[in-house]
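Take a look at this single chain, the form predicted on its own, given in structure tokens.
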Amino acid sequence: MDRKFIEKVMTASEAVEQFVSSGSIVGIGGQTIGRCSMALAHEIVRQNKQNLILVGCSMSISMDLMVGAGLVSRTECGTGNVESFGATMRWRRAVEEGKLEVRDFSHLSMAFRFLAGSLGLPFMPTKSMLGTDLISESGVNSDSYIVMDNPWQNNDPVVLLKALNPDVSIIHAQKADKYGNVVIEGFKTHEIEMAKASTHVLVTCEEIIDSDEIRSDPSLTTIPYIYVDAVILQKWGGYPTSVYHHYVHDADHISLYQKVARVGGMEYQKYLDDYVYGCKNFDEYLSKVLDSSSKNSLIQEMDSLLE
């Protein structure tokens, strides 16, 4: 790993072009309707990076968008859902139609796989998933786990989970400095271990802050610069999902997305054409879906939750 203490600010287009390749294993940050890396997901779709393997815990719209665009060959995750808005429908349809390989895990087991990768270990032992139909307890090998007896106690099965090291991970955060020191506020889930396990990490953020602010309280740095390759300033980069301290999720646009994702076909393709392919960047997409009054409404709702 050679992530020097240098300025890493670039555009989403530059970052995706440089660090995401067709066939990459892509770690997905965020969760359900919170802080999903939407700007980078849009750019990956726009650049038509194909045959991707997406990995994460509770993957949401960012994953569904790439699956819906036909760019994903496999997913490994705990679930795909948009909380009260329902399942990730393009993902679900692709699974039902046999167009997508899916490897199911518990959320905890996915987090443990990233943890093993972050520690440089080949596997991580766990009891998670035992007694479920997610695995076979017969000891049969899979590509991602082995079930074996505890070597110190008979009749005590344990799952050895293969470490997971994404080629690149995409994360949206509240703040970062130009060197790649990242501050995530609110929930953090699996992202710290995922970033440490990844070959490359791309971070979009609502604000680029001065490094003196980072140094004033190092305990607030969630992911240090040594794990980060690109910093992209992208206000509203998690939209239509929420970003704590900034804005709530946009229920209307998520509902619109879910509607076209359920229907699929030409209606879904029109969504991609209008909001992804037809936009030169994420700011142009935002100008189509958000006016100043709707932005103020989402910000004010977040403010009211924080009071």
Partner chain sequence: MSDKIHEYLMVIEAARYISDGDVVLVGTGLPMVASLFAQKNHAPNMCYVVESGLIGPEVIPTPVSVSDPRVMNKAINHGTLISALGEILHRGLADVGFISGAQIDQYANVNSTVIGDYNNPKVRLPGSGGANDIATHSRKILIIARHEKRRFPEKCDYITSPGYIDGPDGRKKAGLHVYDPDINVITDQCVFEIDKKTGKLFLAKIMPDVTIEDVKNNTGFEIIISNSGPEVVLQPTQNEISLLNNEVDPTGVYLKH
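Positions refer to the first chain, counted from 1. Remember, it's a predicted structure, so these values are computed and weren't measured experimentally.
If you look for the form predicted together with the partner chain, you will not find it shown, but the lines that follow are about it.
- The partner chain is not drawn, but in the predicted bound form it has a heavy atom within 4.5 Å of residue 192.
- At the 4.5 Å threshold, heavy atoms of residue 81 reach the partner chain in the predicted bound form.
- Interface membership of residue 127, defined by any non-hydrogen atom within 4.5 Å of the partner chain in the predicted bound form, is confirmed.
- Within this chain, residue 106 lines the site of the partner chain in the predicted bound form, having a heavy atom no more than 4.5 Å away.
- This chain lacks the partner; the member of 146, 134, 233, 214 within 4.5 angstroms of the partner chain in the predicted bound form by a non-hydrogen atom is 134.
- Just one of 95, 71, 163, 209 comes within 4.5 Å of the partner chain in the predicted bound form, counting any heavy atom, and that one is 95.
- Stretch-level contact check against the partner chain in the predicted bound form with heavy atoms at 4.5 Å: of 119 to 127, 163 to 171, 197 to 205, 225 to 233, the positive one is 119 to 127.
- Shown here without the partner chain, the chain has only 57 in 42 to 64 lying with a heavy atom within 4.5 Å of that partner in the predicted bound form.
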